[in-house]
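Taking the form predicted alone, here's one chain by itself in structure tokens.
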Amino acid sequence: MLIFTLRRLSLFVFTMLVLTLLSFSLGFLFPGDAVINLSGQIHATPTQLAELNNAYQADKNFIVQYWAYLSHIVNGDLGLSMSSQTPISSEVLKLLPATIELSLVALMLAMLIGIPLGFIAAIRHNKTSDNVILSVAMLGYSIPVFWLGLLAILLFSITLGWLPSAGRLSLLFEIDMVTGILFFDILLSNSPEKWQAFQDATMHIILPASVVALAPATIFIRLARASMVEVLATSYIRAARAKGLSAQQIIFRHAIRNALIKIIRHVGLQFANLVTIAMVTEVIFSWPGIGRWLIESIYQRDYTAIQSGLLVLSCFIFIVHILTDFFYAALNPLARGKKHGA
């Protein structure tokens, strides 16, 4: 496990270096002065500009400039937003928890819906229920996210009035942000109406999380179905049948656990797809997350925010991917070997 951990940490460091190199290169590819693009100080006086050139080693070669840029990132200096002139690091710390909250709730929904349906389809292999579930999965995967989001708002918010269409919490509630994860902050607060606030936050997250979860849920259906079909065809399952175990005993005692191990490895891969969908959904539902902020930065040509936002989101996705690998390796010892852990 130690070698597996070292491999993953070295891969993380190498990938982050590549990402920072890409982010650094964008400063030269965007229009304007590279130092201004990296620092975001568009109103710098000649004195401040000279200080910035010195801080980013603008008169040195490319490697020294990259090292200076890397030092700023390691120290938490991501520059200023060109549009608001506020530190990007504070913007990221304020907005990223909202994206994490939405993504995690959507991931849980996708797994809770997709994996059981996939198992049912595999158990009812080549029967009517199997074909129906696969057809629904294909239909759900084909629906464009922005169209589904607008349709959900039209039906559940405007027509039926069941769920709110925008935001994280009603303006009636005042919750002090401690962790940035709204549900945790509500539970930590001393507000006498925190349970009403918790219910209100739940109602606000249902629609955007459901829209984000649809496409990953359809992928989990197919993954779970393929994994369970493969497990049910193995020799130890046939041996269990020969011993006289019932179908329920075989499924719940032997098949589900082994099928789940195969699915867990794909969770990290699906998380990147899920965050991409969440960025579009945040715009539709006015969700105050980093995805919406990043898309607005693209419209405003806020080059510093674009570089830093891409870097932070990529880092976040990669950390989730590594954590999933650790969880998979803990459940499956074969994954820690040289062949599988590379």
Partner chain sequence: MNFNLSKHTKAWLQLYFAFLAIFMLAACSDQNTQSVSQRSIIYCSEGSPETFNPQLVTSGTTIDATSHQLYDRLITYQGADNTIVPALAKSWHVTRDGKKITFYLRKDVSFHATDYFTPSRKLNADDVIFSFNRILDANHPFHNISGGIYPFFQSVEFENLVDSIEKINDYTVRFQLNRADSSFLANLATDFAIILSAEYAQELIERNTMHDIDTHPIGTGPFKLKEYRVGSLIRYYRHENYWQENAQIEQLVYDISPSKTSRLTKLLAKECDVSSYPIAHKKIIERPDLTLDAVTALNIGYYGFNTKKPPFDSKLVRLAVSLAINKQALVDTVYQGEADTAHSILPQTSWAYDKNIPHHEYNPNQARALLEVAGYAQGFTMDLWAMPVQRAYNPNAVTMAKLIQADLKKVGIKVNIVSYEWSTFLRRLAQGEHQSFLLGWSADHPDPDNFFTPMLSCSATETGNNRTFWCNQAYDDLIEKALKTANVADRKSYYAQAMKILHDEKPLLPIAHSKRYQARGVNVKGNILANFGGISFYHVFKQAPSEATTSAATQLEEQQ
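Note that the structure is predicted; figures quoted are calculated from it, not measured. Residue numbers count along the first chain shown, from 1.
The discussion below concerns the form predicted together with the partner chain, not included here.
A.B. asks: Even though the partner isn't displayed, in the model of the complex is residue 263 close enough to the partner chain, meaning a heavy atom within 4.5 Å?
C.D. replies: Judged by the heavy-atom cut-off of 4.5 Å, residue 263 is well away from the partner chain in the model of the complex.
A.B. asks: Looking in the model of the complex, any heavy atom of residue 116 within 4.5 Å of the partner chain?
C.D. replies: Taking the distances in the model of the complex, the answer for residue 116 is yes, it comes within 4.5 Å of the partner chain.
A.B. asks: Indicate whether the partner chain has at least one heavy atom within 4.5 Å of a heavy atom of residue 171 in the model of the complex.
C.D. replies: Within the cut-off, so yes.
A.B. asks: Taking the partner chain as it sits in the model of the complex, is residue 219 near enough to touch it, meaning that at least one heavy atom pair lies within 4.5 angstroms?
C.D. replies: Residue 219: no, not in contact with the partner chain in the model of the complex.
A.B. asks: When the partner chain is placed as it is in the model of the complex, which of 95 to 103, 267 to 275, 135 to 143, 233 to 241 ends up with heavy atoms within 4.5 Å of it?
C.D. replies: That would be 233 to 241.
A.B. asks: Select from the listed residues 151, 177, 187, 203 the one whose heavy atoms reach within 4.5 Å of the partner chain in the model of the complex.
C.D. replies: None of the others qualify; the residue that does is 203.
A.B. asks: Scan 131, 196, 85, 90 and let me know which has any heavy atom within 4.5 Å of the partner chain in the model of the complex.
C.D. replies: Spelling it out, the residue with a heavy atom inside the cut-off is 196.
A.B. asks: With the partner absent here, would 1, 34 and 54 each sit within 4.5 Å of the partner chain in the model of the complex, counting heavy atoms only?
C.D. replies: No residue of the spot touches the partner chain in the model of the complex.
A.B. asks: Judged by heavy atom distances of 4.5 Å or less, which residues of 133 to 165 approach the partner chain in the model of the complex?
C.D. replies: The stretch 133 to 165, when checked against the partner chain in the model of the complex, contributes 153, 157, 158, 163, 164, 165 at the 4.5 Å heavy-atom cut-off.
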